[in-house]
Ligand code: ADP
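What follows is a single chain, given as C-alpha cells, in the form predicted on its own.
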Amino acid sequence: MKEIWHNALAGIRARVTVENFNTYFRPLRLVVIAGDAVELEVDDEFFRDWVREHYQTLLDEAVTEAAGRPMHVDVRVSERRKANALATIDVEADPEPAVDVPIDDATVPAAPETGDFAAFPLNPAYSFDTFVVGPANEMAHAAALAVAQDPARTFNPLFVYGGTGLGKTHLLHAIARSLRATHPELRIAYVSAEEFTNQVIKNIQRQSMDAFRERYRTRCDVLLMDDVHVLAGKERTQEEFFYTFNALHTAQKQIVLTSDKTPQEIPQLEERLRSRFQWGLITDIKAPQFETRVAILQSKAERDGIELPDAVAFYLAKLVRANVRELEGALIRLSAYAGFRGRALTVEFAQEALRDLVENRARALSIDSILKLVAEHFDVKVSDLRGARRHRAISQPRSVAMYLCRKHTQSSYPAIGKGFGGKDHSTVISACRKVKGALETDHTLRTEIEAIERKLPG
C-alpha cells in the first residue's frame, strides 16, 4: 500500500514544480488503499477543495500508473482535525480570509483581481525553522525574521535580492506563516510582480481600477511581492505600484520585495520607485557555501525521511553549487531513483543516476558561456576579451572572466588561457590573483561579480 503511494508521489514529482509538490502534495497523508480507491487526508476543507479542483486528475493518473490498474483518489479532511476545529470555532470571528499566498507558477490560478484576499495555502516546507542559515544568507534571514516579529517597525521596505532558487520565496512564505500565526488579524497580500501586472491589465479592461486600488491600498496590511524586477518597462503598472507603495508606507504597513537584481540594476525602472526601494533595508542572498549546502541537504533528508550518507551529501554539494532549489531537487531525484531500483544511496549510484546533470552542468558552465555572460554584462565583445587590447575597459572584464572561469569551471590555468585566445597560463594566474585581492576592498567590483554570478546556471 505504501509502496504504491510512494511511487505515485515520485511520478508526481517529475511532473510538477518543486514549489507545487511541496505545497500541494507533500501534506497529503495516505489513509488506506482498498480495491480501486485510494483515500488521502488533509487538515482543512479549503486545502481539500483546492486539491480536488486543481489536481484530482493528476492524482488519479499518478496512482493508476503506480498501481498498474485504474484507481481513483478521494481526498478528505482529517476527522480529528475537523473535530478540533469545531470545538474551537469562534462565532464572533471575522469570516473573511486574511492571507493571499499563491505559489508563483503558471499552473496555479490567479487570485481574484478585486475583493478580499483569498486564503491560499502556504508552502509547508517554507518556514523559518526549515531555512538553513549560513554566511551567504544570514543577513536576509535576520531581516526577514525581524519583519515577521515586528512588522512595519524595523525594515520597511525590506528588499531581498539574489539569484534564482536561493531562498527568496522561502523567506516570503516564512514571513507570511509567522504573521499568520502571531497576527491573525493582519490582511497579508502575497503576489508576484507578474500577477500584479496581469491584475492591472484586467482591471483596466473591466474598468474596475477603483476596486483594485482599494484592495491593495486600504484592505492590505502587509504586501509581499516576489520578482519585483518584472516591473521593468511596464510604465502603467509601475505607476499603480508607486501609488500603492506610497499609500502602504504612509499608513505604516509592511512591504517586502524580492528581486534577482538590486534596484540599481533593474532596467527601465522609474527613478522614483528605485529611490523608494532604498528607503528601508536592501540585503542579498548569495549562493550558499559548501558547508551550508551540506547542511541544507541533511535538513531536507531529515524532513523527507531519506537516509543520506555524508559522502553522498558531500558529492551533491560539490555538484550543485549555486541553486538551493536544484540542490534539493537532485536529492529528491536521487532518492526516487534509488527507490525504483532498490539501490542504496552511494556516491557511485549518485554518479550514475545524475550523469545527465553532470554533463548538462559541464556544458552550461564552460569558458565560452562565462565569456559571453561577462561580455554582455560589461557591454564589450567576446572577441575583445580574447584579444590583446590592454585598455582598462577591456582588461578588467577580461580579468573578471578569467577569475570566474577558474572559480566556476574545472578548467586548468593553461586551458583557460587557451580559451582566451592562447594566453599564457601565468597571465591567467596573475589575473585571478589580482581580482581575488581586489574583492576584499573594492565594493564596486564585488557587486559586478555578484551580479554576473547570479546569472550563472546551477
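So that there is no doubt, residue numbering starts at 1 and follows the sequence shown. What you see is a predicted model, and the numbers here were worked out from it, not measured in a lab.
If you look for the form predicted together with the ligand, you will not find it shown, but the lines that follow are about it.
query = Which of these residues, Y315, F212, F131, F378, gets a heavy atom within 4.5 Å of the ligand in the model of the complex?
reply = Of the listed residues, the single hit is F131.
ask   = Which listed residue (F155, Y126, F245, F277) meets the criterion of a heavy atom within 4.5 Å of the ligand in the model of the complex?
value = It is Y126.
ask   = If we take heavy atoms and a 4.5 Å cut-off, which stretch out of 132 to 140, 177 to 185, 345 to 353, 261 to 269 is in contact with the ligand in the model of the complex?
value = Of the options given, it is 132 to 140.
query = Is there a non-hydrogen atom of H54 within 4.5 angstroms of a non-hydrogen atom of the ligand in the model of the complex?
reply = Because a heavy atom of H54 falls inside 4.5 Å of the ligand in the model of the complex, the answer is yes.
key: W50, heavy atom within 4.5 angstroms of the ligand in the model of the complex   = Heavy-atom contact with the ligand at 4.5 Å: present for W50.
key: is_contact(E240, the ligand) in the model of the complex, heavy atom dist at most 4.5 Å   = E240 lies outside the contact set for the ligand.
inquiry  = Test of understanding: in the model of the complex, would R325 fall inside 4.5 Å of the ligand by heavy atoms?
reply    = R325: yes, in contact with the ligand in the model of the complex.
Non-hydrogen atom within 4.5 Å of the ligand in the model of the complex for each of L166, T169 and I296 = Affirmative, all three are within 4.5 Å.
task = Given a change of 3 Å or more, say if the Cα atoms of H54 and T197 sit closer or farther in the model of the complex than in this form.
result = The answer is farther, because the C-alphas of H54 and T197 separate from each other in the model of the complex by 3 Å or more.
ask   = So the Cα-Cα distance between R187 and Y55 shifts by 3 Å or more in the model of the complex; is it shorter or longer than what we see here?
value = Farther apart, by at least 3 Å.
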